[in-house]
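In structure tokens, the next block holds one chain alone, the form predicted on its own.
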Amino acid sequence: MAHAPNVLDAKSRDLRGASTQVKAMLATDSVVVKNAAHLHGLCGGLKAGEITIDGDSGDYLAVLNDGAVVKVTGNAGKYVADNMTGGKVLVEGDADYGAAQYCYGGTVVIRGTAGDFTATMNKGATIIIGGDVGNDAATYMMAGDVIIVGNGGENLGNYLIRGNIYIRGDWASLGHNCAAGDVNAEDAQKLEALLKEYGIAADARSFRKVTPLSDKPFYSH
């Protein structure tokens, strides 16, 4: 018989108190946190466990995540999953500015839209945006995959170094050092598996792939 998760109402708590309570609760089961939109930096640096934010989250949710699964049933604030190294961050709604920046690993799924500078300097994570993404997405990206089911803004992939951007919709403009082409059979297989895993209805073959023209984008070639 499954246990009911631990529930924390964070309405009257500050970040330190809520974080301490979440860590204590994770020792016995998963945790559901309610009324957490005012807490900036919650679930930072966790290495294990499953936490659900019931509603909207504050800024800097799950920064430095290193193995936990953090879910948001509403919208996420700025800089969600910043510098993540492992685990998963799953947002049912939208994400504000700077989502999934500087990530080294793990998976970030934003089912709605994401703001400007999403996936900046991605270094190895898989980042999926179910809707549109703002300007300068995947700027200075160095490794990993960014999958955009909707449209991209201006300067998509600006100064792309390494890694892959897959986009199903259109973009306002591509950034420096970017080339767009078709997905190959290996790409389609990877996309199909990821879209199926996260319940996103999209044909993998309808995506285009944006890759770097050179691995030295700051030099003439």
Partner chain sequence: MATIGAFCVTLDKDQCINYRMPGKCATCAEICPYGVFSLNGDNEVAVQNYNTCVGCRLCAEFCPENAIRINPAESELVSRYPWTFGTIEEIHHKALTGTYMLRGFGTMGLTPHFDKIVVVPSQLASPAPKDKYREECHMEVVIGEETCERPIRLQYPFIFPAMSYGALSREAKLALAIAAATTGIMTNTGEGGVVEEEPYYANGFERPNRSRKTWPPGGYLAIQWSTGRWGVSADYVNAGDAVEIKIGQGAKPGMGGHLLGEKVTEDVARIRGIPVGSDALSPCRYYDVLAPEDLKKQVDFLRDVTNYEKPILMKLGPSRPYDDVKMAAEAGVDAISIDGLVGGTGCSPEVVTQGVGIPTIACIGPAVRALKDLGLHRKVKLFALGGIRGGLDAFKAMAMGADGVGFGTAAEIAMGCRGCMACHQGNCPYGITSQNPKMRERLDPEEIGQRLANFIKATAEEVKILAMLSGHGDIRELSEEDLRALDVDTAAITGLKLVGYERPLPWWENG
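Please read these numbers as outputs of a predicted model, since none were measured by experiment. Positions refer to the first chain, counted from 1.
Not pictured, yet referred to below: the form predicted together with its partner chain.
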{"query": "Contact label in the model of the complex: residue 16 to its partner chain, heavy atom within 4.5 Å", "finding": "yes"}
{"query": "Partner contact for residue 121 in the model of the complex: its partner chain, 4.5 angstroms, heavy atom", "finding": "yes"}
{"query": "Partner proximity in the model of the complex: residue 162 to its partner chain, non-hydrogen atom cutoff 4.5 Å", "finding": "yes"}
{"query": "Close approach of residue 44 to its partner chain in the model of the complex, 4.5 Å, heavy atom", "finding": "yes"}
{"query": "Answer option from 85, 126, 151, 135, heavy atom within 4.5 Å of its partner chain in the model of the complex", "finding": "85"}
{"query": "Contact segment among 106-114, 87-95, 137-145, 69-77, judged by heavy atoms lying within 4.5 Å of its partner chain in the model of the complex", "finding": "137-145"}
{"query": "Residues in 53-69 close to its partner chain in the model of the complex, defined by a heavy atom within 4.5 Å, in order", "finding": "59, 60, 63, 64, 66"}
